[in-house]
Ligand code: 3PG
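Just the one chain here, the form predicted alone, laid out as structure tokens.
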């Protein structure tokens, strides 16, 4: 078996060493492709591999078609919209993610963005505190639940959530109020932290109608995906309300326009930083390697996302 780690943004060297150790200890061949600049390099590298570990790298139909012996792809991270699931499924290739490994890093960033916004982007003028403010968690998965826990226990915020896929009792057990509709969530929270995936149901779902329900002094924090934001709706609400702020770990296509039109009310990290910690980097890489070994040795498909 040959396992390829292909990353334009490389893992930490410690993560690479640990991945290699896991792979070679299982008796597999280890290969590494880092900092490649052309998709053609990835297409060439996958030709003879049986397993592939990627981060945000694009595993397109062309890549999948070129990988004649590929059996499994693991995205070291939670989101997997960079992988063509339909093409993988068509060829019987298992696709997995590594949920939970980056969660704490993303959660801490989300709260950091809230602090940064509350303090006026550190502009030297008096800001506000998070204590006692209302925070709505849109999707209460690995990251969302951690954001809620830190916000409630660490900052003293009043936390609520909306997630139709998680039993209300489970959310309430964390001391978090549950809303039965996304409209209620947005209408009752000054801060909203987004943790929904980008799919056909969610793309552009965060629109003007929804954002207009938020109370005075509203802040939308997006550490999820840029595709879930209706950019026209975002611009409209910010034009109408000078109290509305938007901060994100993913710069939208109109980021320069937003910064120019609404100075002091928007902020975007220089590049996607949610999972960019040493700990998350190492944890996700190790999890990906272990999942590949468990798949080949035990048939374990626990984290398969293209079932």
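Positions refer to the first chain, counted from 1. Since the structure is predicted, the reported quantities are computational estimates derived from the model, not experimental observations.
Below, we turn to the form predicted together with the ligand, even though it does not appear here.
The partner is absent here, but in the predicted complex a heavy atom of 275, alone among 42, 49, 64, 275, sits within 4.5 Å of the ligand. The partner is absent here, but in the predicted complex a heavy atom of 78, alone among 78, 96, 151, 105, sits within 4.5 Å of the ligand. Within this chain, residue 225 lines the site of the ligand in the predicted complex, having a heavy atom no more than 4.5 Å away. With a 4.5 Å cutoff on heavy atoms, residue 265 does not count as touching the ligand in the predicted complex; it lies far away. By the criterion of a heavy atom within 4.5 Å, residue 241 is excluded from the residues contacting the ligand in the predicted complex.
Taking the partner from the other structure, the ligand in the predicted complex has a heavy atom within 4.5 Å of a heavy atom of residue 56.
Heavy atoms within 4.5 Å of the ligand in the predicted complex are found in exactly one of 115-123, 172-180, 78-86, 152-160, that being 78-86.
The partner is not shown here, but in the predicted complex the stretch 1-29 reaches within 4.5 angstroms of the ligand through a heavy atom at 9 alone.
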